[in-house]
Every structure is written in structure tokens, then in C-alpha cells.
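Only one chain is given next, in C-alpha cells, and it is the form predicted alone.
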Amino acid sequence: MINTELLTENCKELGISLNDFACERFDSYAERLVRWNKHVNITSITEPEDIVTKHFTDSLAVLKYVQIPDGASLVDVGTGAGFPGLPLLIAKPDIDVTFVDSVGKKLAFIKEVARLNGLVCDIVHTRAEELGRDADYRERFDFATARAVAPLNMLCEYCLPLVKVRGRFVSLKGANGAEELKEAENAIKTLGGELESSNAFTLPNGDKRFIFVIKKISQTPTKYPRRSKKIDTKPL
């Protein structure tokens, strides 16, 4: 299905090593993605080379900029077809990943890919702002990730309430990431975060990308996250 040599070469450029077993799992993931997408709108990216670069390599770039210890807990917010959480789980099957999305069909896809590849994960069908107010999940995770779900100032309100103090929110952004970061300065501070690193890089196809690592330095005030309508209309 995919050119696994291209994937391993892309990862080497990022300083990431994938074994043959991981490559087989990525191939299975891509095959299921294309198959499901014929019936369920999961992604607009379905060409094998684009899946390798724009989905898998982009997601795995997190591992260049963030040290995720064995056994760490990670929540992937608005996961969609599983990016970046599922590639991270394939590369590091020892981490504890929870996938969150409001669309049940996308979570069913992730569940099938995980089952077929012997991957253990948790799947939660809900909205992120509801999860952030749930005592069982609030400030529970070592890491939160989100990729192209919403503007960064809104994403901070969805994600930082889920992260432990001293944990990190990792945001994957496109070419306009620098502008989003500037607009998110107030949200980061208000929600108990602090920018730890801003990382710009270019994918092998020339796409400009950013990975922002936001460290949680204090508890998020209890009034956050607000309802989604308030987050959308009056972002921090």
C-alpha cells in the first residue's frame, strides 16, 4: 500500500527510528484509511505518498521535539482519523493513549485499526470541553496533542484542562502557526500554561509546519473550559 522505505527515510531525517513491525502496522493503517474513506469521510488525503508525508511523517515529527517517556499518558483531542495519536502509538506502543472525538464513525475506524494491529488504547466519544469538566479526566494526562482542530487560542482551552501540572500540550500547526501562537499568548497564560518551545520545520514535500510545546505550570482555573459556543464566540 505505502512505500515503507520512504517512511523510514523521512523518519531518519527527523532522527526517528522505525522497526519493520512498526512499518507493517503503518501499512495496515494506510490500507484501512483508504478503504474506510470510500464510505466514510475521514480524510481528504488518500494518495499513498501523501499519507506517508502529510499524515505519518507529520505526526511522528512530535518525537523529534518532545521526549515522551515509556508509560506516559497522552490524550489526542479531536483525533479524527487518529492523527497524531495513532502514529505515535505505533512508534511507541508502550505509551497510554486516549483518543477523543465527537464523531463516532472516526472512533470506530481507530478502534478497528488498533484491533487489527494489536494496539491497546482508550477511546472516548465526547466533546473535548465536556471531557475537560469531567473529574475522571481533568488534569489527568502527561500529554495532550491536537492537530489542525481549531485555532491555537481555542485549542488551549480544549486541551490544557486535561493536562497535569508539569505536563505538556503539543500542538501541530501549519504554515500560519506563528500568527496563531501570537494570538494565543493570553489563552496560554490564563489557562496555566507557558510556551516551552516553538519548532518550525519543513516536510519532505515542502509544506511548512510548526510544533508548539506548551508546559502546564499551574492548575487551570475551574471555570475553564467554557461551553463550546463561548469558546468559539469569545476566545481567550
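Because the structure is a prediction, the values reported are computed rather than measured. Position 1 is the first residue in the sequence shown; the rest follow in order.
Unshown form predicted together with a small molecule; subsequent notes refer to it.
- Message: Between Val120, Leu116, Val165, Ala148, only one gets a heavy atom within 4.5 angstroms of the small molecule in the predicted complex; which residue is that?
- Response: For this set of options, the contacting one is Ala148.
- Item | Per-stretch contact check against the small molecule in the predicted complex, the hit in 86-94, 99-107, 133-141, 67-75 (non-hydrogen atom, 4.5 angstroms) | Heavy atoms within 4.5 Å of the small molecule in the predicted complex occur in 99-107.
- Query: Any chance Asn153, Lys173 and Thr202 all have a heavy atom within 4.5 Å of the small molecule in the predicted complex?
  - Reply: Verified in the predicted complex; spot residues all out of contact, no.
- Query: Is there a heavy atom of Lys111 lying 4.5 Å or less from a heavy atom of the small molecule in the predicted complex?
  - Reply: Answer no; every heavy atom of Lys111 is more than 4.5 Å from the small molecule in the predicted complex.
- Item | Exercise: Leu160 in contact with the small molecule in the predicted complex, heavy atom 4.5 Å | Leu160: no contact with the small molecule in the predicted complex.
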